[in-house]
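Below sits a lone chain in structure tokens, taken as the form predicted on its own.
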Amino acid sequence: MSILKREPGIIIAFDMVDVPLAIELAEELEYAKGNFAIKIGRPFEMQLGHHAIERIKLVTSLPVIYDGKIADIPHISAKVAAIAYRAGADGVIMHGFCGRDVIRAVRELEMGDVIVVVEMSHPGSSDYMELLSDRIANDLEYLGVDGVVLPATKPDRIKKLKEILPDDLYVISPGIGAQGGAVGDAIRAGADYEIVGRAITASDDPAHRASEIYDEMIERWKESSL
């Protein structure tokens, strides 16, 4: 069973290097109204190693995703994923361009969700990744993954790739706020979750700001379904 509900939600990117801030925010999100999950990025992980995942899992019951952008040979990729799962990660994010054998190696661990990056949110992803994204999306039906990453900064790409992807995969979309994506655009294009980092974590009251952004996203989603 997937770790994420199939309903619109916000995944908060813990990419900060301030460990006390991250722990405080994780605690406060327990009481926030809305559908939230936490994504632990490499900057935060680098402060504590795999203990970064453990520390967050101690204070929250929300789903925790390790965003290591795993991209190595099958043996090493599976090792990295296994360490993250054992530390408490409910899911891991890995790159799809490394090949089917890498995805299979992580999937065969059967320790948690596997989320594959099909396309990224920064402008440079158009240089190379868009050449591969259709092929990656086509393959995922046979590889048993749980979710994919598609760019909130490019809603048209979400719509296009959703036509290729299996219906049972959830879509999480980064790029809201600092990267230029507008709240609600990815959800309206077919994503299940929007990923927000600095717009929340750099605010004066991150938990309150998370709730505000969630409410704004839901309003835009409701408007699109009228």
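Residue numbers run from 1 along the displayed sequence. This structure is a prediction, so every number in the text was calculated from the model and none was measured.
The form predicted in complex with another copy of the chain exists for this protein as well; it is not shown, and the discussion that follows is about that form.
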Q: Name the residue from Ile158, Ile200, Ile172, Ile70 that puts a heavy atom within 4.5 Å of another copy of the chain in the model of the complex.
A: Ile70
Q. Should Asp15 be classed as touching another copy of the chain in the model of the complex when contacts are defined as heavy atoms within 4.5 Å?
A. yes
Q) Can Lys57 be called a contact residue for another copy of the chain in the model of the complex at 4.5 Å between heavy atoms? A) no
Q.
Under a 4.5 Å heavy atom criterion, is Tyr128 part of the interface with another copy of the chain in the model of the complex?
A. yes
(Q) With the partner left out here, check for me: in the model of the complex, does some heavy atom of Arg188 sit within 4.5 Å of another copy of the chain? (A) no
Q.
Partner absent here, but in the model of the complex, which of 40-48, 188-196, 26-34, 164-172 has residues with a heavy atom within 4.5 Å of another copy of the chain?
A. 40-48
**Q.** Interface residues of 85-103 toward another copy of the chain, as seen in the model of the complex [heavy atoms, 4.5 Å]
**A.** His95, Gly96, Phe97, Cys98, Gly99, Arg100, Asp101, Val102
